[in-house]
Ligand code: NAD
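Quick setup: one chain, the form predicted alone, written in structure tokens, and binding and motion questions come after.
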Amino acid sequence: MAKLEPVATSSIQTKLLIGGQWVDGLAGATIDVIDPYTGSKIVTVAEAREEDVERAVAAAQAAAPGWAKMAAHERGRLLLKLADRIEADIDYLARLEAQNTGHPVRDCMNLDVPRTVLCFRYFGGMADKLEGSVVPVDAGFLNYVTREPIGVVGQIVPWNFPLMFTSWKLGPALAAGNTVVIKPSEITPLSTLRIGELISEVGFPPGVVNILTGYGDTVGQRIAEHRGIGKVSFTGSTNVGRRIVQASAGNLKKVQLELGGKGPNIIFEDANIPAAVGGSAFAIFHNQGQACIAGSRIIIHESVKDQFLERFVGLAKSIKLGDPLDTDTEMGPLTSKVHHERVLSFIEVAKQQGSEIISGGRTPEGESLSKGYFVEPTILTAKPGDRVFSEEVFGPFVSVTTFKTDEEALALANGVSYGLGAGLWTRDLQRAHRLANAIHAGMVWINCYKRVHPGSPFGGVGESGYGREMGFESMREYTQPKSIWVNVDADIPPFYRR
């Protein structure tokens, strides 16, 4: 057991970043940031209000022309410097993220910070590779299409992976030449504020990135409706996503939404069972199940259900719950008290609808875990009509449903309103490709789950939203095409005759 020291509160940034300056909110309001392991306050951060959004948008607008005109390779150079600085800061960032979110620090060290570095490096290299096109048109004319930045974009980061999602938002937006007003969750703002400090250290011009810590119904709402913002990118719940769309109608701004999920994880009779068990556990229990792409619905062939569950339940029971700053901890607490209560409420919902609780389904015992927002890894049965089969729980909470035929498995997989991520486990490659094409989802993993990379587009369909994070697709999301026509030597006859 190696218990790491928490980050000293005196070193944590707690103010707003507007126009290159760290400032208090104009209203003087504050927000307490809570440690989900102890239930105690870590720090108090400034609470932005609508008037602070006005200041941040003005700063972003002032910085926008210079940032857009900067040579693309220079924007890329700053993103690469930021990636290097984050990598050098891994110990501090990993402890800060663990302390604020409840992520086990081993995950922060091995996944969250490295993925953040990789993302900024990818888009640092992408900045000068955004190409236009020449369109074959009528003889005598040249038509070329360029892509230009949108201008000022608003970004709203969720609480489940705040550090990683900050890079997913900022990387492509900045590489494409936009300036940003970004709002981290009021629950988990600390790592985004730290990124703001590093952005200032490596030399980004003032106003290019502005960070506002505040609530969704004030700051988030104003970002979504502000006429000075040309695009809003939101990651969060489907219900809030709908409100973002409504608020954006004032200036018909571009909207990108990465919303909820209810990932089907299909295990066929010919699957490699040990691999499927390990992959399925990562799919649902990583980050306490607090992931939109979590494999929260195991859909398994009836012939292999028993042997799968024997291994899967044993693995779930072996997962070590504990202090997120302990390097031996494999699962930390849920990130907030409110969310903890919501996840536990689904246990009663499941029981009322006839589910069998196979394992877990309660808060763990033990004095060391008593103050934290813990839930045991939970496995239960579910029928297609059950709420736990169709509603996103967003916790270490997985349902098991059996099938007999491939057609039945596909119907179960597509039997919800979400369409974000999906997985399937089989040795039959024809079946794998056929089902992958037929599943209603933006991402499908075959014999693996939850693989992500900055080069691969990330996003969903249906009530999981629209638009894509990462990859070349995200550079398109943060730019707009401009078609330019040139009369080279065309003889244009008069349209009107005198």
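The first residue of the sequence shown is number 1, and the count goes up from there. Because the structure is a prediction, the values reported are computed rather than measured.
The same protein has a further form, the form predicted together with the ligand, not shown here; the description that follows concerns it.
Self-check item: Candidate from Val152, Leu259, Ile299, Ile86 lying within 4.5 Å of the ligand in the predicted bound form - any heavy atom
Solution: Contact check passes for Leu259.
Quiz prompt | the ligand: the contacting residue among Asp217, Asp128, Glu348, Asp270 in the predicted bound form [heavy atom, 4.5 Å] | solution = Here the answer is residue option Asp217.
Self-check item: is_contact(Phe394, the ligand) in the predicted bound form, heavy atom dist at most 4.5 Å
Solution: Phe394: yes, in contact with the ligand in the predicted bound form.
Exercise. Find out whether any non-hydrogen atom of Val375 is located within 4.5 angstroms of the ligand in the predicted bound form, and reply yes or no.
Key: Although the ligand is absent here, Val375 would stay clear of it in the predicted bound form, with no heavy atoms inside 4.5 Å.
Quiz item: Does Val240 make contact with the ligand in the predicted bound form, using a 4.5 Å heavy atom cut-off?
Solution: Yes.
Quiz item: Do Gln221 and the ligand share at least one heavy atom pair within 4.5 Å in the predicted bound form?
Solution: Looking in the predicted bound form, residue contacts with the ligand include Gln221, since a heavy atom lies within 4.5 Å.
Self-check item: Whether Ser185, Thr235 and Arg342 all lie within 4.5 angstroms of the ligand in the predicted bound form by heavy atom
Solution: All three within 4.5 Å in the predicted bound form.
Practice problem: Report the stretch among 321-329, 158-166, 131-139, 277-285 that approaches the ligand in the predicted bound form to within 4.5 Å, counting heavy atoms only. | Solution: Selected range: 158-166.
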